[in-house]
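In C-alpha cells, the next block holds one chain alone, the form predicted on its own.
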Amino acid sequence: MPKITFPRMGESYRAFKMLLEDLGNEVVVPPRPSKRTLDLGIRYAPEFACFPLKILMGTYLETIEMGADTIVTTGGVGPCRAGEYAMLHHKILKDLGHDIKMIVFEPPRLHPVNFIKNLWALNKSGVSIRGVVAHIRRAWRKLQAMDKAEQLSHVMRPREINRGDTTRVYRKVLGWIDQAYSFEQIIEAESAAMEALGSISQDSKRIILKVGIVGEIYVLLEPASNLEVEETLGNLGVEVERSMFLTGWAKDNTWSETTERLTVKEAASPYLPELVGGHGRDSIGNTILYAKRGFDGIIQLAPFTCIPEIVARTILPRVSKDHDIAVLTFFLDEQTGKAGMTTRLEAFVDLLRRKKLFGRGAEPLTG
C-alpha cells in the first residue's frame, strides 16, 4: 500500500487525512513547518525560488523520511510559478535519489478528466462512486467546520479578557472536530466548538480595530509561514478577516466561481483589469472591498520574489490613497524574523488606532 502525503496548509490536513484514509490509503501527516523544514528546503530548492516552494520542499523531504512514497498536490493556471511546483519538486527529489510518485490535481473546473483520473488512482479500497462522493462531502463538511471555528476565533481573540483564552479554546475545539467522523458528529462538533468559543469572557467596551489580510494563498493559510500574524494582531486588539479560506478557494476552482470572487475582480478592474497570476488581482480587489466595508487597515502577505504580489504591491499605494485606507506589506522569506515583524505590526496598529480615535495618522504604510 502506498504511503501518501501532501502539503500542509493550516489545519486542513485533518480533513485530507480522513478522506485519503477513507479511500484506503496509508497517510503520512506532514509535520508543522519548522526551522528544520525550512533549512531542508533552502538547501535543495533554487536560491531565488519563492518561499512556499522552499517550505514544501522541506516538508516533502521530512515526510519521505517518515516513509512517504507518494505526494498528492495541486497544479495551477495562469502566469504564476506555483503551477510548476509539482514538476520542480519531483525533479529535485528524483535527483536526490528519491523514487517518489507525484499525483497532481489541476483545477477540476478546467480539467475534470484529470480530477476523476487522479481521484480514482487514490481509491485503493475500490469504493463506489456514491461512496467516494459521500467521503468527499464529509471531508468538505469537516473543512467548513474548521474554517468557521477559525473565523470565530479571529472575532473573539481581540475581545478576550484573559490573554490566551481564545487560543487555548480554539486548539481544544479543533480536536473535537478532528475526532468527529460521521456527518452528524461533525455538525455536533462544530456546534459545540462555536458555543465554546462564543462563551469566552469578553470586554464589550474595548475599542477594536478591523484589518483585512490579503495576499498569496500559502502564506495566508499556513501560520508557520506568516509567523502567526493573525494571532499577533488579535493580541494587539485587532479583529482580522482573511480574504481567503481553503473552502472558498476550493469552491472557486472546483465547480464555479462565487459571486464574491467575481465582485473582487470587478473591484480590481479599474486598477488591474488583467489576470497577473496567483492572487495579485484578488489582493487589489479585496483591499477595495474591505475599504468599502469600513475596515481600518489592510495587511498584504506575499512570498519574496512573488511576481503577482509584487505587481499588486506597486498598485496598492494608489488604492490606499483613493480609498483612504492604510496598507502594510510584508514580503516573507527565510530571513523574516518574528520580533521585527511584531514591531512593525505594533507601529501599524498604533497608527490605525490614532486615526480611529483622532482622525489623523492615516498615511499609507508599505514595505
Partner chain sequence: MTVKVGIPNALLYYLYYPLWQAFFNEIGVQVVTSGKTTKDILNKGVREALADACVPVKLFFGHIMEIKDHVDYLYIPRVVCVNRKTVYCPKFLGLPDMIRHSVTGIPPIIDVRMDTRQGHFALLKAYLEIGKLLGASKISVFQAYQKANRVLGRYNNLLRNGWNPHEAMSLLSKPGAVLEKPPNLGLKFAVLGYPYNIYDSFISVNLLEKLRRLGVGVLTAENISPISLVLQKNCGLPKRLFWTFSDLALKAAHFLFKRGMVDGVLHLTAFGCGPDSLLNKFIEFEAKKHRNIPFMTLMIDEQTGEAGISTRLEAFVDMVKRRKEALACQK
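All figures in this text were calculated on a predicted structure; none of them were measured in a lab. Numbering follows the first chain given and starts at 1.
Not pictured, yet referred to below: the form predicted in complex with its partner chain.
If you check Ile64, Val29, Ile310, Met341 against its partner chain in the model of the complex, which one has a heavy atom within 4.5 Å?
Checked against the cut-off, the match is Ile310.
Scan Val72, Val276, Val173, Val240 and let me know which has any heavy atom within 4.5 Å of its partner chain in the model of the complex.
That would be Val276.
Taking the partner as it appears in the model of the complex, which of 217 to 225, 162 to 170, 124 to 132, 86 to 94 has residues with heavy atoms within 4.5 Å of its partner chain?
The contacting stretch is 86 to 94.
My question is simply whether Pro46 lines the interface with its partner chain in the model of the complex - judged by any non-hydrogen atom within 4.5 Å.
Contact with its partner chain, yes.
Using a 4.5 angstroms cut-off on non-hydrogen atoms, would Glu188 count as touching its partner chain in the model of the complex?
Contact with its partner chain, no.
When the contact criterion is heavy atoms within 4.5 Å, does Gly294 count as touching its partner chain in the model of the complex?
Judged by the heavy-atom cut-off of 4.5 Å, Gly294 is well away from its partner chain in the model of the complex.
Check Pro112 for me: does it contact its partner chain in the model of the complex (non-hydrogen atoms, 4.5 angstroms)?
Residue-level check for Pro112: no, no contact with its partner chain.
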